[in-house]
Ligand SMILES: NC(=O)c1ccc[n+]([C@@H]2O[C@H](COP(=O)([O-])OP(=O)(O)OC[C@H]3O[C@@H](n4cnc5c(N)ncnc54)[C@H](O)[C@@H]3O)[C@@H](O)[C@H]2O)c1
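A single chain comes next, written as C-alpha cells; it is the form predicted on its own.
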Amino acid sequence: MSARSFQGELQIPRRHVVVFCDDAFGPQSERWIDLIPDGRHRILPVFDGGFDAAHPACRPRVEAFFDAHSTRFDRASTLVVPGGEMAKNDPQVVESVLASIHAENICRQSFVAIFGGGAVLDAVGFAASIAHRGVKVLRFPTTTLAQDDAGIGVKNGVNHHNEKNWRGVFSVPTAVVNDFSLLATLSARDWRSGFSEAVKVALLKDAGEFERLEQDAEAIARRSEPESQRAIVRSAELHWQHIVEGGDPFEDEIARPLDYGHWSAHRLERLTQGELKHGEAVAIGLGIDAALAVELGRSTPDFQRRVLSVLHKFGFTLDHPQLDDPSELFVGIEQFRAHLGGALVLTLVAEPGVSFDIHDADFASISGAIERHRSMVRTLQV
C-alpha cells in the first residue's frame, strides 16, 4: 500500500471576554452572569490567602451570592491558597487545587472561580487547565497588575527548575471580571506595582496613552479613582487587543513584544528570591531596556529620561543592589533565549509607540545599559 497522509487546519474558536464593574456581586452582577451558559453549574471558589486576610468580608459575601443564585450555581466548598509568588513556587498549591477539584466533583462543565493576584490566577488556572484536560475558569483579579495585565493573558503557569513559568499551558478563561472594589485594600506597594505594566504596553503600542500616564502618574499614585480606573482599563484593552487581534495569541512566533522589560525583571525576581515584586522588577527592567536602546544608538537619552521619570512619579524604586554585578543579570538573557526556543528576540522601544527587535545582546552592551540606567536614576534622586 502506498504511503498516505492527512493534513488540515483545526479551527478552535475561543471568546476572550473582559468585564469591568464596581461591584461584581451587587447590582452589576448580570454583566458577568449573563456570560455563563444556561443551566446549573458546579462552582469551586478559590481565594488568594493574602487577599482573603486583607478583605475578610469578601469570601462570605461571594459564598452567599452563589448560594442565593442556586438555580445557576451549585457551590463547592471554598479553597484558600497562599498568595504571592509562593503560589507559583510551592507545588502543593497546584496539588491542593487538584485535590479540591476531585473531591468536590468539579467536571468540565463546572467552573473554578479564582479570586487573587496574578500569581494565584496563574497557579490555580494551571491546575484547572490540567484537571480533566481543562475545567472552565472565571478570573476575579484582585490587584492592579492582575486587572491591567496578568489576568488578561491566556497563559497559566508555575515556576520550576528555578525558572519563571517553566511549567504552563495556554488556556482562555470563560471571563475575566475586573471589579474595581476588589482593589480597595491593596497596600501602596501593591497598588503601584500594576502600573509598570501599563507603562510597558503604552510604550509599545500607544504614544498618546504614554503621554497620558506621564500627566496622570502622580494622581494615580495618590489612588485618584478617575485617573487610576481609566489607566487600568486602557492597559487591559491594549493587552487584550494584542492577544485577540495581534495574530499570535498562543505565542507560536519567536518575537514576544509584551515581554518588553521582562528578561531582566524575571531574573531580578529570582535573584532577590521574591523580595522584588513582579511590577517592581518590571519597572527596573523597563529602565534597563530603555537604556539599552540608547546604548545601541537606536534611541535618545531624552526618551530614557521620560521612561524613568514616569516610573519615578508612580513611586517605583529604580535601582537595586543586584545590579552591582551585571554578570548575574546577564544570565537572564540566556534564560530568555532558552525560553524562546534558542533564538533570541528582544523587543525594544526607540520612542513611544515605535518598537524594534534585536537578535543578539552581548555582555558589553548589557553592562553598559545597566550603568547608563543607574547613572540616570541617580540624577532623578537629586
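Given the structure is predicted, the values throughout are model-derived calculations rather than measurements. Just count from 1 along the sequence shown to find any residue number.
Another form, the form predicted in complex with the named molecule, is not on view; read the next lines as being about it.
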4.5 angstroms heavy atom contact with the named molecule in the predicted bound form for Pro45: no
is_contact(Leu271, the named molecule) in the predicted bound form, heavy atom dist at most 4.5 Å: no
Interface membership of Ile36, the named molecule in the predicted bound form, 4.5 Å heavy atom rule: no
Exercise: Gly50 in contact with the named molecule in the predicted bound form, heavy atom 4.5 Å: yes
Partner-contacting position among Val307, Ala146, Ala283, Ala128 - heavy atom within 4.5 Å of the named molecule in the predicted bound form: Ala146
Position in contact with the named molecule when the complex is considered in the predicted bound form, options Val199, Ala236, Leu292, Ala150, heavy atoms within 4.5 Å: Ala150
Interface segment, criterion being heavy atoms within 4.5 Å of the named molecule in the predicted bound form, picked from 51 to 59, 28 to 36, 329 to 337, 352 to 360: 51 to 59
Residues within stretch 113 to 147 having a non-hydrogen atom within 4.5 Å of the named molecule in the predicted bound form: Gly117, Gly118, Ala119, Val120, Asp122, Thr142, Thr143, Leu145, Ala146
